[in-house]
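We begin with a single chain expressed as structure tokens, specifically the form predicted on its own.
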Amino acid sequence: MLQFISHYTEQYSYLDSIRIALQGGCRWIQLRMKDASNDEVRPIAIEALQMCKNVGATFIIDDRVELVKEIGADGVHLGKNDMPINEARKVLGESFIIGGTANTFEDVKAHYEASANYIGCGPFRFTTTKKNLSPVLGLDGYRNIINQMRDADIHLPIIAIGGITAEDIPAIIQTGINGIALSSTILRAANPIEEMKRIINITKP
């Protein structure tokens, strides 16, 4: 499974980045506009949701539980400083997807008990797109978390995130991780649509 986290650059707007990911075949999009207001995010989210619906892609919004409910997105991704997952579940009910950010097995366990549907686990390595970075995990960090999950009989999709490049993906998948989340790796490529297609082929089982 490949997730694309929207980003903007000098070349591409948030919607451009989502369009590129969808054209490249990605079917899981997260709109992440950390420092924007709901009023700034809403029109972009509505357009992005329609773009995702047109091709049958899943559309998740970072952090904004009320906006997810208001526009009917597929779900929300909650970071460590966002609304707690169990509170978001009360607001959204059972039909919405809720993902949580984790850096340790303890985080994963807490999110599992709070009814998260998937975990964004990282960072794999240092990344410039995130402020206040948690400790870098690397391959050993993922192996340890996956092993502890097996021992605890916790079954949740774990998505690796944080500074991942195409070259890293085969080794990450071998750790038992279920998916990869990418952002700038795609947008920095000379041909982002072709790069997305190439990476989707790499992530296929």
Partner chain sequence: MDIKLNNKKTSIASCTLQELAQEMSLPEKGIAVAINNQMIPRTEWINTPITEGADIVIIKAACGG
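Nothing here was measured: the structure is a model prediction, and the numbers come from that model. Positions refer to the first chain, counted from 1.
As for the form predicted in complex with the partner chain, it is not shown, yet the points below apply to it.
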| item | value |
| --- | --- |
| Option touching the partner chain, based on a heavy atom within 4.5 Å in the predicted bound form, out of Ile173, Met33, Val136, Leu139 | Ile173 |
| Non-hydrogen atom within 4.5 angstroms of the partner chain in the predicted bound form for each of Arg89, Asn117 and Lys204 | yes |
| Partner contact for Val55 in the predicted bound form: the partner chain, 4.5 angstroms, heavy atom | yes |
| Contact flag, Arg27 vs the partner chain in the predicted bound form, heavy atom cut 4.5 Å | yes |
| Contact test in the predicted bound form: Gln148 vs the partner chain, heavy atoms, 4.5 Å | no |
| Exercise: Ile97 in contact with the partner chain in the predicted bound form, heavy atom 4.5 Å | yes |
